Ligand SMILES: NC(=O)c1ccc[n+]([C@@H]2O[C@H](COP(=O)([O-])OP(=O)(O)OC[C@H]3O[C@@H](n4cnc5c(N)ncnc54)[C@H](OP(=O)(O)O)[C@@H]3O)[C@@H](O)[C@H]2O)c1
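Shown here is one chain on its own, the form predicted on its own, set out as structure tokens.
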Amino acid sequence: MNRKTVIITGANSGIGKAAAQRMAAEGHRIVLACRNPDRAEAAQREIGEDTIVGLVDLSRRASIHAFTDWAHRELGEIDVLINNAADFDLAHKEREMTADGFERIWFTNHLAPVLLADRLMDRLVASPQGRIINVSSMGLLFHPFLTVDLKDPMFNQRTFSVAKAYYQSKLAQLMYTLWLSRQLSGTMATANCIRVSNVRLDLDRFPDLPQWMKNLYAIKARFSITPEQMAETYAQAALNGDAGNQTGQHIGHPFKETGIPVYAKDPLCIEQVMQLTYKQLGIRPSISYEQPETG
């Protein structure tokens, strides 16, 4: 077996934890990249195998820098990065800002995964088959005309809602995946995006959720797949040999290529979103596609 080192953000619960269990059971080295040390260590004890806890708070730039510095020192090779963690708590009604001055959902769900991948890009590209896996949501199907608000992505002027902020961030992640797959041309690394289906939630993670919403989710759970089922698609994207030849794809569950909104695959729109992304991060991309010379 070709043993891989796999970093999974948000791996102490839900799909991330199920994916960690699934891949650790096959003998791969799994890094549980989590914010809460107690929950991360509990997950590590439960999973066992060759798992490592790496602490990172994706709402804080300094924490991402510290984590990636640690990863370079301690991990050696990095074969797969799964940007699984996301901020989506419907109990929150007001816009929240990070310590660095960003709207929390926009930074945690979009800017942070871009920064994380960018700072680990050298190791991922050096891998014989490096893979970057981002995550979108099936909920985008219910927002067919959604765009990334280039003038106000952080809801400084427009009315904030958790759902609007969340789906905007997931749309941006899909567009980032398409952009990144092109930047990686000429390397052995790939970038794909998994569209998470209707997955059963652990409502204990959301203690402030109003009762009517808990009741709604209880009904919804009857038609949901389990985190373990969704984790199987994660594992295929991360480990399957044939998947290593796929890049720039939107992958649904069960593992299959699925559609991409017209806006999300428009080259000009993608470029605008990524220019905004790197401008807000205040950095230049660590890897860029160069058109081959023709003669």
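Note that residue numbering follows the sequence shown and begins at 1. Predicted, not measured: the structure shown is a model, and the values here were computed from it.
Not pictured, yet referred to below: the form predicted in complex with the ligand.
Put simply, residue 21 is far from the ligand in the predicted complex: not one heavy atom of it is within 4.5 Å.
At least one heavy atom of residue 13 is located within 4.5 Å of the ligand in the predicted complex.
For residue 39, a non-hydrogen atom is located within 4.5 Å of the ligand in the predicted complex, even though that partner is not displayed. At the 4.5 Å threshold, heavy atoms of residue 154 stay clear of the ligand in the predicted complex, well away from it. A single residue from the set 59, 44, 233, 68 has any heavy atom within 4.5 angstroms of the ligand in the predicted complex; that residue is 59. Checked against the ligand in the predicted complex, the candidates 161, 197, 187, 127 yield a single residue with a heavy atom inside 4.5 Å, and that residue is 197. Between 132-140, 175-183, 119-127, 69-77, the stretch whose residues reach within 4.5 angstroms of the ligand in the predicted complex through a non-hydrogen atom is 132-140.
Residues of 19-35 placing a heavy atom within 4.5 Å of the ligand in the predicted complex: 35 alone.
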